[in-house]
Structures are given as C-alpha cells and as structure tokens.
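Coming up is one lone chain in structure tokens, specifically the form predicted on its own.
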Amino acid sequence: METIPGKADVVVIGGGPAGSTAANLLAHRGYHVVLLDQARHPRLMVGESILPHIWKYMDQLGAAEDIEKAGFIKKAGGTAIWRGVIRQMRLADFGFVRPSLHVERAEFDEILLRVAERRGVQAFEEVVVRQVHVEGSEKSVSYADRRSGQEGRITCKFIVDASGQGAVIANQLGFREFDKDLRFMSVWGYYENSAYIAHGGSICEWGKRREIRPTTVQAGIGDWGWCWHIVQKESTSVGLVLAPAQAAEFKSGGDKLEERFDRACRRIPIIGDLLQEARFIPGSVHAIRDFAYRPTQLAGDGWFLAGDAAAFVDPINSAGVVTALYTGYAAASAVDESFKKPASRAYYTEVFSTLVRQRLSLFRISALPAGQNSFPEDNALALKCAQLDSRDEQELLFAQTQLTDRPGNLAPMHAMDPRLNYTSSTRYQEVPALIPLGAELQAAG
C-alpha cells in the first residue's frame, strides 16, 4: 500500500470530474499533486446525460480515447414533454460534430481518475479529509486513512476542494447556503428493457439503442417538478425532481420507497408508456432532498472550490458534468498562474471567482422554474458569461430552456443585450404525436 506523502505542491480533495480535471492538468504541468477521495472507485453515482462540450476537456486531459472505448450510449438530442406539448431538439443542429453521451457516472468518473493517475497524480482512495488549514502561506490538509486506520497531515501551497456535496471548505468556513429557489427533492432508480424516444418522435425498443440513438427525455410534473429518462449501456436511469408540495405527497403515499417510486414513474404520461415492458431493478432507488446550494465565496488565499463543492442547481439542462470540468480547468489555471507569478496570486484568485460565479449564475437562472429568482444580480453575471460563448452555444442554452417552460428566466438577460434575443430560433420543433413502438415496422409490413 502506497504511503501518503507529507508534502505536495497541491492537494485536491475529491476524485469526481472536477477534482480529476484539476489534478490531471496540474500534474501534467509538472506539479506534485496529491488527490484524496473518501470513496473507492467505481463509486455509486446517478446515471447522467452529458453535453458534447465535454470533448474539448477530454482532449486536454488525454482522456478522449478512453471515453470513446468505454462505449457509452450516444444520444441524438432532447425530448421534453411539458404541459401536454412535446418538443425536440437535435444537438447536431448546433454545430456539434462529436456526440453527447448517456453515461454511467461510476464508470465515467473512474476513467477520469485513472487517466489523472497515468498523467502523474498520486491518488489515494478511502481517505477522508477531516479539516483544512488555510491560514498563512503554507496550507495543510488533515485526513483519516480508512485503509490503515491512521491519521495524517499534508502540507501544500494550494488546495482545490472538489469534494462534491460534502463541500469540505465551504462547510468548515461556514459560507455555503441552500438555494431557497430550488428546494427540490430528487428520487431516482433504474429499469431494464425500457423503450425510449428517438429524434423524430419514434418510440423504439431497448435493443435498438445503439442502432437508433435515443434522446434524453424530460417530462414535466405539475408547475415545477419533472422526470428524467436516460438510456444507458445496461439499464435506463429514471428520476423524479419534486417541488416541496410534490415531495410531501410522494412521502405520504404509503408502501416502501421503491414501490412508491415505481408507481409514481409509471403514472407519468408517456414515461409510463416507455416503462410498460420494463422491469424495475430492486435495490436501485436513492433519494436526496434540498440538494441545491450556493456559495458566498468561491476561492481564497491558496484555495479554490470546484464542481459540486462550489454550487449545485437543478440538473434539468444536463450542465452538471460540463460545469464540473469547467471549474476544475479554471482552478488548475489559477493555481498554475499563481505558482508562476506569486505576486499576482490575489489577481488570479479574483479572476477565478469572477468567471466561475458568472458560469454558475448562467446555469442557475436557466434551470429555475419560470419567474422564480430571488437573486436578480445573477442576471448581469449570466449575461457576461453568455457573451463569452459562441452563438451556437448561446442558442443551444435557449433551445434547452424553450423545450420546457423555463425560458422566462432568460428574458431579463436578453433585455440587457438584444443580440441575445433568440425568440425566433427554429432549432427545436414541436412533435404532434409520438410514433408508437413498432408502428413503422407494421406499416412497412
């Protein structure tokens, strides 16, 4: 068993996409990087849809070939079933050549961690960070090694906290707050042999998932809630995002959690049709409540927050992994520049905080239920972020929100800059009715 060193240039807390990205890039630039993760990979994570933006990061990380070899399901685009209206968008219409994916996060995250190790990162799993010490010029991290039962401490120049919802630094320093606009509960599980929806509105059988690319399905539940349906390699990830009143109703339904979850999913219009021949996988249900939060600070002298340790919002726009990669990349850049120009480290800390807060604000307001935003300052921050994106990326975000009933939150941002008014966008379409399973084959026969 490799011994955890007592000193490093950088300590990264957490081995998810954000932590692996930051550690990978810094080690590749010649720094001694130690990464500590409290879990052992592959670790339990919810199945997820990820946008094609990931490939620019995979190329820089040296992970593109590994991700391609993993054989994750390639998706065609998105289908939203909202207030009785079915809308679809195709990612190829926004200039993306490489595919969006439906991934098993346990496998995806482990790939990124192993690539980081290959590029020089010293990664230690089953090691819990107890406390960070950020006072003075030399920082340190206290830990408990579950493998040996021993405790220790690593001194370093910089800390990147990518500890996920555990949010080590934010919790220790007391500047994480729950987002009162996104007080949701989420419950998710997995099914075998679920049908799915392809682009064009066809319902396809499970066995066609590699031949005919599936779309990510989002089905609205009431005013705020929604359900996802994500086809993966071996199963389909289905989840509920429930507003407080819906969560209370769900909890009062009696029966075991798995029975309530399965019954609720099968009652949702169209989702129930997709699950008609599907088998629920026992033991696969998990739940979390009040999962959205905001930081009052993103970085300080010698430390940076990345991924979910910084913030988390409603995942309705599939932006979680891309945001994690972005923040990990930004943290690595800030640390690298701070090493090179020690006199300017305060400047690079501020640049990191500004850019990351703008990105988080953009994804937050695009994920909020229509007309809901208790932090109007996010509009100006989101505008600055959107102006840095390409026209195609700007229109993709608008189309994603247009599929549901959440584009109204972008209106204040559009009003600040008429160039961001995409109400005439035609890169999504309404689907009059879905084509039933086997209907095309019956017509051909």
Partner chain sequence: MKTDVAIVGGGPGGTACAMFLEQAGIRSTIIEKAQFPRYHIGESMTGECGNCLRTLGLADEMVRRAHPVKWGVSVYGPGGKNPFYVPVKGRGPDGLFEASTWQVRRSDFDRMMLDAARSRGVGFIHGEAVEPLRDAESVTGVRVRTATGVVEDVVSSVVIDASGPSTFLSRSNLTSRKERGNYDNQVAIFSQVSGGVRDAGKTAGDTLIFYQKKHHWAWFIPLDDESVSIGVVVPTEYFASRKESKRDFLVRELHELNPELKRRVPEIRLTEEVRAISNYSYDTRHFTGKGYLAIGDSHRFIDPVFSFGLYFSIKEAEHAAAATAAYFKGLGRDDDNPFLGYEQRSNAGMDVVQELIDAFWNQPVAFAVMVHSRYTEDCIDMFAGRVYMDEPSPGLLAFRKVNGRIAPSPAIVGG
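Positions refer to the first chain, counted from 1. All figures in this text were calculated on a predicted structure; none of them were measured in a lab.
The same protein also has a form predicted in complex with the partner chain, omitted here; what follows describes it.
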Assert contact residue (the partner chain, in the predicted complex, non-hydrogen atom within 4.5 Å, options Tyr329, Trp224, Tyr348, Phe261) equals Trp224
Since exactly one of Arg210, Arg83, Lys256, Lys340 fits, which has a heavy atom within 4.5 Å of the partner chain in the predicted complex?
Arg83
Does the partner chain come within 4.5 Å of any heavy atom of Ala144 in the predicted complex?
no
Within a 4.5 Å heavy atom cut-off, is Ile270 in contact with the partner chain in the predicted complex?
yes
State yes or no: in the predicted complex, is some non-hydrogen atom of Gly371 no more than 4.5 angstroms from a non-hydrogen atom of the partner chain?
yes
Close approach of Pro432 to the partner chain in the predicted complex, 4.5 Å, heavy atom:
yes
Segment assignment from 215 to 223, 129 to 137, 299 to 307, 161 to 169: heavy atom within 4.5 Å of the partner chain in the predicted complex
215 to 223
